[in-house]
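Two versions of one and the same chain are coming, encoded as structure tokens; call them structure 1 and structure 2.
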Structure 1
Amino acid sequence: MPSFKVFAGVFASVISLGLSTLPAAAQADYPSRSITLIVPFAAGGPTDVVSRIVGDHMSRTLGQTIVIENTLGAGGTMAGARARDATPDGYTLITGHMGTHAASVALYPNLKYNPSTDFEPIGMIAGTPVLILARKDFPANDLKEFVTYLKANADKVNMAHAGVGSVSHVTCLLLNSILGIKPTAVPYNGTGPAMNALVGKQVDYMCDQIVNVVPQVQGGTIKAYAVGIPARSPALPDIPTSKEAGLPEFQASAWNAMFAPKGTPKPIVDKLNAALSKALDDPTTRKRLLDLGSELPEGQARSSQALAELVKSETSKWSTVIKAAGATN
């Protein structure tokens, strides 16, 4: 008759086997409940809008609702810390962007997460090209005249931005570094107030995402000199690229991408990547994003590996610009 130790050993083995298969079973059933997608900025902003557009289609593909959670504070880095600490089971994700997952490294010396090592990259959602803008009556008719004027009057002009660490702040630091100027910076509490100041001619110039400025540019209430991407944007086809306009060094796009906490199983990451890619192939979803002026990734640019490489290269790029300007928090 088998001993108690034999029964105990068999029982322990069965329990161990059962426990070891639970994660695999959970992965196979994923998702079995709603998914939270953390957005580091307020509802209605560019990152929030593109997240909702792709999240809506992904929900249908995955068969579960994707719930948007807007987590604000510290230039989006509070959201990054919350996502880093979430259980890595695929039920908490984050839309990171150029600020939270690249520029933040230099802006916040005590940043509570590492964008390159604390997350599993899922895939790129969309890029939002950045334009060089000025008040309607700024005394320059094109980018070359704008550059000449800024260099000659750097101590007199001022630059609006939506707060330290915002896309408008960091991308204009890039512009200023290329031109070798340090104008007076005028911070506002968000893109809306900064844009209102530009439209109201209270400030001279600004850099901002195309998603925020199409109506103003089309309406002629502000000037747009160039867009910082390789090809013209279909949303504003008459605005030249920075290369066409004579300043090829100015390349800036406030990309938005999806990440999961480090340790999220690869099968789940792959399933999310596939759902995201399917959303980007959907004609209605594509049109909604393109109408905003977004750049959509294609082919290999949609892969998790491509996003991992982008985070590293963008962190290096913006760290150089920010440190040179001494713009840290």
Structure 2
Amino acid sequence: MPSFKVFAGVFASVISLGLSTLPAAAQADYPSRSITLIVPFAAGGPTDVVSRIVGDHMSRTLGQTIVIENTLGAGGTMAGARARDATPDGYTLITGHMGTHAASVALYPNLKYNPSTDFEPIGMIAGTPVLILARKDFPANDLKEFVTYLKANADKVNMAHAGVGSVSHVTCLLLNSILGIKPTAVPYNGTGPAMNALVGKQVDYMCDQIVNVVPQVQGGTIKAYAVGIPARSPALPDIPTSKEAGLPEFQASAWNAMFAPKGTPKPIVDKLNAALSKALDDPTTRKRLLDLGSELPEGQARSSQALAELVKSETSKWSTVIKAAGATN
């Protein structure tokens, strides 16, 4: 009769065999049901739009529906926490961005996740340059007049953003610290609703990702003073760069990227990375993203490793900016 020790050893190896066999079978079948892609901001905003465009093509490659779940709150960090806690089986993913997966670290001392260690990076979706915007009837016709007006009326103007730590919040923190002003901030659950408020003239200005801006600028419903990147965007060729417009210190470009919870098996991460890359090569998907001003990653910049490095470098970069701005949550 085997001793308890031997029996326990056999039992343990059956368990471990089971554990290593089951995921392998599940990995081979993946995906066998629909995938949830968490978007940390309101529907209709830039993160949502970019996620739906690539998700649409990826679902065709993967043969399963990708269901977008807008999980709102706390500048996108509620969604980050929800994704961190999800089962790491490839069926729950998140579109994180420069805010949720970098800048938030410096603004939330009790952030419930670590962007660098709690996720498996899948890949970069798109770079999204940030613009300085105002309501259509704002009394400034160019960036110089805007700066002069803001400095003279800092106690009267208000600025819309998508929650502490969001791209719109952090990039306007940079703008405000360059100008030395602290306006009233008006938070929304995303720049989709914040843009509605800007178009409706309920708020004065905001900093937002180009994807949310192109249709409004083309429709003449808001003012765009400058884009915070070194060269003009082909999607909005008439909008000057911040350098051309006289504020070269305002350099602000965001990014959106796909992540899975830590522990998601590598074959699944690789399959998702390949599906994302295929979406970024698809002419129709590319056109939709490029028409909205997105900057698409190519080659090595699409790898999981490149995204892991980006998260680290951006966390450090925005932490320096936020400290210099003296901002706290």
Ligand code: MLT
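Every residue number counts along structure 1's sequence, beginning with 1. On a predicted model such as this, the values are computed, not experimentally measured, just so you know. Each form is matched to the other, and the largest set of C-alpha atoms that superpose within 1.5 Å is called the rigid core.
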{"property": "Which of the two shown structures is the form predicted alone", "result": "1"}
{"property": "Is_shifted Gly228 between the two structures (CA, 2 Å cut-off, rigid core)", "result": "yes"}
{"property": "Did Tyr149 shift 2 Å or more between the two structures, C-alpha, core superposed", "result": "yes"}
{"property": "Rigid-part reorientation between the two structures, C-alpha based, degrees", "result": "23"}
{"property": "Between the two structures, C-alpha offset at Thr191 (rigid core aligned, Å)", "result": "3.9"}
